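Shown next as structure tokens: one chain only, the form predicted on its own.
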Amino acid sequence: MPIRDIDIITDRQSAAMQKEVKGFAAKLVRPAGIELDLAAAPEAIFAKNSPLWGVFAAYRKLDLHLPGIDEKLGGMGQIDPHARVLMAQSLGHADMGLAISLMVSDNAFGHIALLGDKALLKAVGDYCADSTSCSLIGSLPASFGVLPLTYEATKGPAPALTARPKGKQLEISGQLPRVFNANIASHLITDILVEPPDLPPWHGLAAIPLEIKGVTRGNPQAKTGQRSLNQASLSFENARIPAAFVQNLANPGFYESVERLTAERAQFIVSAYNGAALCAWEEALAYSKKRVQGGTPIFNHKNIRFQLFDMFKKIEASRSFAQRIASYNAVNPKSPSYPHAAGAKCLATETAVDVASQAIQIFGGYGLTKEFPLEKIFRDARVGMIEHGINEELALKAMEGA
């Protein structure tokens, strides 16, 4: 008896969108991810003829970049939280690098909308309407994870960028060593330390247009996993932006909104890695029914079926955790639980690595060849235990208030 799909979406619009996402992910995202993974150089990922641009354009034509952005700005507002989880899972199932690239862009412009400046709000409106050129793309530092930014300048690690007032502008200096979408982005969202001359420094959230003077984009970084996700350094030398492009994180109402978007980013990350784990399991299941050893498909061997069930239960536990957090955050948008977010992220990434490794074991030597997708899934999954917050650091941080 095949294992049934027990995911439930009650909203018709969300159910229709999820169906579109599944088709888009399977038909376009997965082939593009495979092609980009084989690119000879990291620059080829975002070349003019790269399949990356087809993915971005199709994603936006399906309005998949609109959920979470206020309807007044051209967005779709909030949709069924379970649908968003399943959409992220479908994208991660297809390709982790492209899934994160798309998420980063959307999440960045979601943050930009919070800043309230007229010029930035116009940029968000243009982003929502941009379904052809894809000239507006958001970026985030790789250090942005599932835990909240600190709003006290005396606590936590200092931001990599500093800003000093220059009349009605802020002058930015510093370097971000690893930024998602750095070479293709039009805007960056990052935390920043503002240092007024006669006042205590304060932590802020800054929206920085990347075409201004004083911004240098580094060479795209060659990586073992998630090669379809563009990543590079960004350097700032006396780069100036309007002071209104930075908001103080100590503002309670603003900080609550930032927390909500952090929770949404965490849900996407977790669900995408669950999708990668599910893909590895499905590949192993299908192969076990085709591979004959000892006169019978290896699926008929008890140890293989036991291994497949062990993988299945781990995936379902991680997926259930993600759905539970989505339900809680939908009801409590102003008070997300960061220990749970950290736990879900660690569980999802560790499960993806474990399941991909077990799947490779079932494939035997074939699992390490590029003929099959498992070695790529394993490389992509392994990155997740470091990015978006190193798992060990997230665990320690999550337990601070226990």
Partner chain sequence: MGYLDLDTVLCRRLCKLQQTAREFGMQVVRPAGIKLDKFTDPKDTLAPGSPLWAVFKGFRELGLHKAMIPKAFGGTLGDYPSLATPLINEQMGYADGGLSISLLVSTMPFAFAVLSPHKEVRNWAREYVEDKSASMIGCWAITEPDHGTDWVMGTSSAGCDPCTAPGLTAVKKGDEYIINGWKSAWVSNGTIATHAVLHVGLDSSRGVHGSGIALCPLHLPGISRGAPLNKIGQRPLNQGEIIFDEVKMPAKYMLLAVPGFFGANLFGHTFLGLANSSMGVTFASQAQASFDEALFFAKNNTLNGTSLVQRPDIKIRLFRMFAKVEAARLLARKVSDHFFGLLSPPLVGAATKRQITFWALGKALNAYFTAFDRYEKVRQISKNITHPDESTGMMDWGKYGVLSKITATETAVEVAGQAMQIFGEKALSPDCVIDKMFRDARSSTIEDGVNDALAIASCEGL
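Positions refer to the first chain, counted from 1. Worth saying up front: this structure is predicted, and the values here are computed from it rather than measured.
What follows is about the form predicted in complex with the partner chain, which we do not show.
The stretch that touches the partner chain in the predicted complex, counting heavy atoms within 4.5 Å, is 290-298, out of 189-197, 212-220, 290-298, 252-260. Proximity of 378, 385 and 391 to the partner chain in the predicted complex is complete: all three residues have a non-hydrogen atom within 4.5 angstroms. Put simply, residue 396 is close to the partner chain in the predicted complex: some heavy atom of it is within 4.5 Å. For residue 369, a non-hydrogen atom is located within 4.5 Å of the partner chain in the predicted complex, even though that partner is not displayed. Contact check for residue 305: no non-hydrogen atom falls within 4.5 Å of the partner chain in the predicted complex. The shortest heavy atom separation between residue 135 and the partner chain in the predicted complex exceeds 4.5 Å. In the predicted complex, 178 is the single residue of 175-207 with at least one heavy atom within 4.5 Å of the partner chain.
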